[in-house]
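Take a look at this one chain, the form predicted on its own, written out in structure tokens.
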């Protein structure tokens, strides 16, 4: 792990609205309205940008249109005219003043405009740096190279280390924290440092140990097939934190971990028909039972591979025990779907990383992307495997990353 390079990249990247430009060399030269296109063309000293007029009016930053304390648009859209157009445009050094056809006036600064460029590569750069980092997919043979390890104490005490830890988690989908306290509350303290725990019907945290007669398959000591947790939740938990308070000393108990996105993309390239079935056929995921005297009955329908509106892989859900026997799909698709799932299972096994987390370490991984499992193990009287787990949602983790990044850049500027 190279923290120095990571921090250098942080400070070199775009930071929302906080970029500063030297007014002596970045004055706006001129602005004009493009005919028949509804755009305002702004010529800076080094480049020319186009901004849609309706977007500029919608994003006026005056107190009447924008509530600064809450960073929220306050413009009344019941009265908003989407056909609004500039009547006049005045340039004053690093500011544009626009008089609109609805008799309103707006002032935009150069740095505000530059930060919101509509040029494709700049938009992509903003999204990668400030929305979500680009994922790097990996094969099981690459696991030792991509796995980043951090000190629990440093993550808990140094914000710059916490940021790098979260960023690596977002990029690779897995990180390892070493030398965590043997205190079973270490996991919850880590989660509270980031934001807060995602509670489920299993509570805010759960203990994993061998429990004969359990209603949860994960609590058995036999082979735990690879799976994603809680696929039966419509908004299933994004990240799993597993604190290995006590790891088994038996020969078994090795962790199994596969990058489901890597496997899904490989299937998209090489087995298109299988990919089409797994990304379109809805599966009934379910969980019925009782936990701490509370009954639950969860069902959610979604494909094994979910795609977003850009046809990019958004999530993978895979759990043999949690697939319901009710399969609400056309009869003619059932057999071919099973063949597709079998090939997907083979790929998960083929590209799996096999390792063993040591006692005192915390394994953190992306539950929407990675499948995980465990080899069979045997407890002894003097050594009983004991894990404490909890969940967090990606929204809270991404939020924390942005906050930390802003705070570090503010410190760098002072």
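Not measured: the values here are computed from a predicted model. Positions refer to the first chain, counted from 1.
Although not depicted, the form predicted together with a further copy of the same chain is the subject of the following passage.
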Answer option from 323, 274, 266, 178, heavy atom within 4.5 Å of a further copy of the same chain in the model of the complex: 323
In the model of the complex, the one of 141, 85, 123, 250 near a further copy of the same chain [non-hydrogen atom within 4.5 angstroms]: 123
Segment assignment from 75-83, 148-156, 99-107, 167-175: heavy atom within 4.5 Å of a further copy of the same chain in the model of the complex: 75-83
Proximity of residue 70 to a further copy of the same chain in the model of the complex, heavy atoms at 4.5 Å: yes
4.5 Å heavy atom contact, residue 232 and a further copy of the same chain in the model of the complex: yes
4.5 angstroms heavy atom contact with a further copy of the same chain in the model of the complex for residue 341: yes
Non-hydrogen atom contact residue 227 with a further copy of the same chain in the model of the complex at 4.5 angstroms: no
Complete contact of 201, 282 and 403 with a further copy of the same chain in the model of the complex (any heavy atom, 4.5 Å): yes
Residues within 4.5 Å of a further copy of the same chain in the model of the complex, restricted to 101-136 and counted by heavy atom: 112, 115, 116, 118, 123, 126, 127, 130, 131, 132
